[in-house]
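There is one chain below, alone, in structure tokens, taken in the form predicted alone.
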């Protein structure tokens, strides 16, 4: 480390006396500065997010959240921050778990001055080296910044049907898997804030959701967003889940939702939004920032009628029809209502059909495993691969279209600001 640079330290321990003793041990070291202290793991994560220290001295046994769990969260959010674990036990199993979680060192309580300062300096040197590898911040244009991460010109894909039960969540989750790769990472956002099922369809669960980001939309940064996203490990797709309770949806405005999507498009190549049938402010805000809309229908008259009305609404919103990919889901050749008849009826090209295959879809939903992760030689899987390619092609085709913003429209939906 440079001679003029101090090692910034945060202390996390549930015992106030221990925190104070550690602070006193370090206060006379000219190259070490204590910048914060926390009484539990959750508070430690928040203080670390705010202060971005070089080293965190972390107690391993704490109520609410243990030191190992907090270590994992801090290391995910701040990769250069080094953790020194403190424990009353010198158990090798504790030490192994701490190191696997990302800890830099492991000391037994109470540490001597020499042990503690030597560990902090070793960790501080490592933090400095790791920090030097991180590129300078690149501002997102939304608020906050993205540091040490690929900056994408991500594309927003909204999967929408004006009628419930058409299969939007099945389409959204499997399309996200089909679009995802190491070069084109994908996040799927549950836009059905009251009764969203994206996390269930992917067999994932967590306490965080879009509600945790909404109040911070003007100060979002990578660490905050990453801490809220779920990771679907089988596919690598990230997930921004719906709230755990329907009433929580009221705390998210359309403007906030749009800003979240705008930030995510800097982090991911594709942002897939699974929307509700109800044209709420949240859904309308997603339309405002989307690159393409997958409008789904099925071979029944109510769904077709609603699709026609949805296109009329999109026309009223001045959304170019080229941005709309009209897709027939659950296509059954035995039914007389053909894709051609539907397209002719509502004056919109039918770009793709997804075959009816309940023997594949229903077990996939019940197991929480997208069928696109399994046999891709099935007709339904091939249809999704084709749909993913159509999405890529259409995004390229409409890239030069002028994106209309901040319009005001009225009518049956009321007056909404775009």
Ligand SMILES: Nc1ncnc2c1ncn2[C@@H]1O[C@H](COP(=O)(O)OP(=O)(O)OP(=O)(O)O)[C@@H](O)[C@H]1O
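Note that this is a predicted model, so its numbers are computed, not measured. Numbering follows the first chain given and starts at 1.
The same protein also has a form predicted together with this ligand, omitted here; what follows describes it.
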Would you mind picking the one in 81, 299, 209, 169 that has a heavy atom within 4.5 Å of this ligand in the model of the complex?
169
Only hit among 155, 330, 180, 259 for heavy atom within 4.5 Å of this ligand in the model of the complex is 330
Non-hydrogen atom contact residue 374 with this ligand in the model of the complex at 4.5 angstroms:
no
In the model of the complex, residue 106 touching this ligand (heavy atom, 4.5 Å)
no
Going by a heavy atom distance of 4.5 Å, is residue 201 a contact of this ligand in the model of the complex?
yes
Evaluate residue 38 for contact with this ligand in the model of the complex, applying a 4.5 angstroms cut-off between non-hydrogen atoms, and reply yes or no.
no
Please determine, with the chain shown alone, which of 246-254, 97-105, 322-330, 263-271 has non-hydrogen atoms within 4.5 Å of this ligand in the model of the complex.
322-330
Full three-residue contact with this ligand in the model of the complex, heavy atom 4.5 Å, for 354, 357 and 361
yes
Going by this ligand in the model of the complex, which residues of 363-377 come within 4.5 Å of it through any heavy atom?
365
